[in-house]
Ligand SMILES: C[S@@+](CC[C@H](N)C(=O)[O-])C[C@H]1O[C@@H](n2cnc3c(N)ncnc32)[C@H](O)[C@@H]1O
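In structure tokens, the next block holds one chain alone, the form predicted alone.
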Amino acid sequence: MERYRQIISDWDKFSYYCSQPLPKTLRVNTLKVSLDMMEKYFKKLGWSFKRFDFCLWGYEVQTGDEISRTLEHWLGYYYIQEATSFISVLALQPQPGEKILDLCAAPGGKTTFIAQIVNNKASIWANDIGFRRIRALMANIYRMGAVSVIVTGYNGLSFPQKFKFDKVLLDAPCSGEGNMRKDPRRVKGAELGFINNISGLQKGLIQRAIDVLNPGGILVYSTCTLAPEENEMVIDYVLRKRKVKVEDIDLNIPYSQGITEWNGEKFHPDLAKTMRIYPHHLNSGGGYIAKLKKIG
């Protein structure tokens, strides 16, 4: 992670949180249970809990138990989810009646969150590739009661352009550096060769995501990595390749602005509107969020 010291202002706090275990966090699924009822279940289970400041449905719980091994989890009353992974869906602002694509959807945390926000009153397409990924995706869709979701198995790079959407979420495959608290091996950072290789995939995916948007449609691009090559450089690239503009993300959370320069290379100034989320911001993992609007 030393390569990022120059762009992370509170390096000591960042380093401290990277070394700490993740808190246990989850999203209560109001498609199946009310918040009041779920809080009663928490008390019955002997868990103490605290609601997220920025999201009505997010909770941090304290318990010595494994929170995946409860009847309530199996029934889909909650989804185990890091605080940072809430942000891309909140930035997307899904609305009832919209046609929405989650281009790289497995295992389904963000797909089912979209369905929850719109109360199953939008047409949601969840796409991924590979039997195991689609199996995991479908299992969570069924468990969470997301009945408004259609599952497709296209390669995201060649998702059919005959389908058009009001909004697209692209939670792109990435080097996963932001998961250092779950996997301490990632504290050293990813290999630069891998970062450069996967950024090519990300550039292809984001272009296809824009191509399937309706004019005026919204794309949210997110990763769980810190590498500028996978974040700002992907957005800077697509600003030159497609007719899109960077939108402000109207969320009241702590974050750092996207960078507009890296290793002497300058980017579009609107990259400052994008979000870098570090572990110390939300006591969670690291990630990146950009919101784009298709022009014309």
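Fair warning: this is a prediction, and the values are worked out from it, not measured in the lab. Start at 1 with the first residue shown and count on from there.
Note that the form predicted in complex with the named molecule isn't included here; everything after this is about it.
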**Candidate stretches 143-151, 92-100, 197-205, 68-76 - the one whose heavy atoms come within 4.5 Å of the named molecule in the predicted complex** = 197-205
**Asked** in the predicted complex, does Gly108 have a heavy atom within 4.5 Å of the named molecule?
**Response** yes
**Message:** Given that the named molecule is not shown alongside this chain, does Asn214 nevertheless sit within 4.5 Å of it in the predicted complex, heavy atom to heavy atom?
**Reply:** no
**Asked** Heavy atom to heavy atom, is Ala139 within 4.5 Å of the named molecule in the predicted complex?
**Response** no
**Asked** Using heavy atoms and a 4.5 Å limit, would one call Gly130 a contact residue for the named molecule in the predicted complex?
**Response** yes
**Request:** Could you check which residue among Cys104, Ile210, Ala122, Ile117 gets a heavy atom within 4.5 Å of the named molecule in the predicted complex?
**Result:** Cys104
**Item:** One residue of Leu226, Leu219, Ala172, Ile87 in contact with the named molecule, assessed in the predicted complex (non-hydrogen atom, 4.5 angstroms)
**Value:** Ala172
